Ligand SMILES: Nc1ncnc2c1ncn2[C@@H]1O[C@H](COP(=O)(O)OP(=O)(O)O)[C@@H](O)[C@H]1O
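Shown below, as structure tokens, is a lone chain in the form predicted on its own; questions about how it binds or moves come after it.
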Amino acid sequence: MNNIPLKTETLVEALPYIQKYEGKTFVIKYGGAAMVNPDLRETFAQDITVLTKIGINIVIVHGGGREITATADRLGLTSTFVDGQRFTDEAMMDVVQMVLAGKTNKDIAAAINRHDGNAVGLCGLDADLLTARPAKNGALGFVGEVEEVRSALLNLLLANRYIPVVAPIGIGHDRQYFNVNADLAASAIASALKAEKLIYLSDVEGIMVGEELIHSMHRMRAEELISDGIIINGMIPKIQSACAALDGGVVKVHMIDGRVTHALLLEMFTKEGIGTEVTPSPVNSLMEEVQ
């Protein structure tokens, strides 16, 4: 009983956000511990169902690097990485397709559906959803970059209250399959759908400057921090794909820690949030969010 005022305050705080986002589209890049830890997988599925039940359109794009490596090991294939990206020859492309478009994709959809979420598992080969070209780094084999998102299938599913769960495999003009980075695929899909939000769910708290978590940052500042060597390593491609999404018409990009239980709900429906939001212009978006 002592928690009733706190619970009531939480619900009241969430109401303006629920009203603002009803009918909007969120694209969520799903990866990291939230995909691996059984408890986090369940709370992620619950969060997704809650978001759809209050009228938000959800598209999920997922990775699966750990599962690909584990399956390749069992098949006697060596995983090789070039600048942090998986070298993908023909044999490894078969593993990527088998893992991402197969078990991983269907497990995610099934977890959401256990909570009445109405999810549908897809990959970029379905209806040529993701057309791709070879990556600029020719040393990566069949690694591709998204050339076009043919979003008609996604729009059809969203209009009928389904949740598309997309494995990032692309199809080339010569019908070659490509392994596509999930961050880049999510950015391209969010741009094609003119999404309200692109949300990266991973194993980092957000953008850190020293020991400080930055809750809101405009893209120009993020790019300055990369130039100054403050943002480094794996955060750089995330920032670059976030900026590409903002250029493509996405309203905001969020980077949140999927190791936190109910991270999605905390970021979307509380004033402080738990991660970093990146905005297209230098405004105090935390203050303007629900005005």
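Each residue number is its position in the shown sequence, starting from 1. If you're wondering where the values come from, they're calculated on a predicted model, not measured in any experiment.
Another form exists, predicted together with the named molecule; not displayed. Remarks below refer to it.
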- request: May I ask you to check whether G234 falls inside a 4.5 Å heavy atom distance of the named molecule in the predicted complex?
  value: yes
query: Is there a heavy atom of G206 no more than 4.5 Å from a heavy atom of the named molecule in the predicted complex?
result: yes
field: Exercise: V165 in contact with the named molecule in the predicted complex, heavy atom 4.5 Å
entry: no
query: Would K252 count as touching the named molecule in the predicted complex under a 4.5 Å heavy atom rule?
result: no
Interface stretch in the predicted complex with the named molecule - options 261-269, 39-47, 54-62, 235-243, non-hydrogen atom within 4.5 Å: 235-243
message: Within 4.5 Å, heavy atoms only, which of V146, V96, A119, L201 is in contact with the named molecule in the predicted complex?
response: L201
- prompt: So which bits of 13-51 sit within 4.5 Å of the named molecule in the predicted complex, heavy atoms only?
  reply: K29
